[in-house]
Ligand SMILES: Nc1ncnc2c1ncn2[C@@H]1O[C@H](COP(=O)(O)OP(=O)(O)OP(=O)(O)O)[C@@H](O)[C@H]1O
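Only one chain comes next, encoded as structure tokens, the form predicted alone.
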Amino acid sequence: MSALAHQRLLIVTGKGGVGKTTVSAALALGSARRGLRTLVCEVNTKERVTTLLGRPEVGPEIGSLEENLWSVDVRPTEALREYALMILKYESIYNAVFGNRLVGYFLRFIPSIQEIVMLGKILFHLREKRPDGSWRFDRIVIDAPATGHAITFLSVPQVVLDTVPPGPLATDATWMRDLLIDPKTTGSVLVSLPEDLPVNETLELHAALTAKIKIATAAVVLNGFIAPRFTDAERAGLPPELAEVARVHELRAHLSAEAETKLRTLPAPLTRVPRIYQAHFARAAIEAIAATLAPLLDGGRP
């Protein structure tokens, strides 16, 4: 069975700069092409998924990118409004309550309010259904914050449960936590580069997600992988300037192999994404990465 065939919620994270947004875009594109109605969510950041896919920005409202594929940039202000309307039901009541400056002042002291409403918006869409009873979205891909911020973001339902009294907020935090820790629904995709710091952070991230938050690691992606190309004899026959290029290449290939060995100690399948040499990193690169990640997604509808 493929690693991500049946999870409806994929959480893509890793150290900043390892390529988690490109992996998120590629997984979302691959899911959509398998007939899954897919929503890719960026979390309170400058939109990059739409740019990578060659589409206009969609902002904080869900926008269609192409067949079976939607995107949204989840931001705290808009997420708070949606969350409040889900509870209060009527916009007039929302305006009366949240338009009050005193209420706004006290909201700042509710623990992790921004994180809970952003996560709540994403997970609300995971449970959302169409009139015919089918899921509005078959799969949601979260381009989650980097390492430490990801742990904070994903642990917020339990933080809320530990700090607030029983009530609507605690009730919502309960179903959010239950969705996140259900391995049949949710899996994390950890992205790394073949360098010591990202690899070590990936190992630590796996430990924190599984031990502290109870989120299963479903797959590991080693991005920017470089395979060996030259033998010692071939390098010896090259002109000096090309021999140096070959030496550097083989050094990077050695580092890639070392990184792969360390990451394969994790209890999840590892996929190597070759380093892509393109002057302009855009749609073509995402298409190539989606093809590489295809085996993770094949296996049927979630």
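All residue numbers refer to positions in the sequence shown, first residue = 1. Given the structure is predicted, the values throughout are model-derived calculations rather than measurements.
Keep in mind that the form predicted in complex with the ligand is not shown, yet the notes after this line are about it.
Colleague: Taking the ligand as it sits in the predicted bound form, is residue 217 in contact with it (heavy atom to heavy atom, 4.5 Å or less)?
Modeller: Residue 217: no, not in contact with the ligand in the predicted bound form.
Colleague: Going by a heavy atom distance of 4.5 Å, is residue 33 a contact of the ligand in the predicted bound form?
Modeller: Looking in the predicted bound form, residue contacts with the ligand do not include residue 33, since no heavy atom lies within 4.5 Å.
Colleague: With the partner left out here, check for me: in the predicted bound form, does some heavy atom of residue 60 sit within 4.5 Å of the ligand?
Modeller: Residue-level check for residue 60: no, no contact with the ligand.
Colleague: Does residue 289 reach the ligand in the predicted bound form, with heavy atoms at most 4.5 Å apart?
Modeller: Answer yes; at least one heavy atom of residue 289 falls within 4.5 Å of the ligand in the predicted bound form.
Colleague: Report yes if all three of 38, 136 and 180 come within 4.5 Å of the ligand in the predicted bound form by some heavy atom, otherwise no.
Modeller: No residue of the spot touches the ligand in the predicted bound form.
Colleague: Within 4.5 Å, heavy atoms only, one stretch in 172-180, 219-227, 202-210, 155-163 touches the ligand in the predicted bound form. Which?
Modeller: Every other range fails; the passing one is 219-227.
Colleague: I need to confirm a contact call. Of 235, 55, 249, 48, which residue comes within 4.5 Å of the ligand in the predicted bound form, counting heavy atoms only?
Modeller: Answer to the contact question: 48.
Colleague: Within 4.5 Å, heavy atoms only, which of 276, 253, 243, 270 is in contact with the ligand in the predicted bound form?
Modeller: That would be 276.
Colleague: Give, in sequence order, every residue of 243-266 that has a heavy atom within 4.5 Å of the ligand in the predicted bound form, or say none if there are no such residues.
Modeller: Heavy-atom contacts to the ligand in the predicted bound form: nothing from 243-266.
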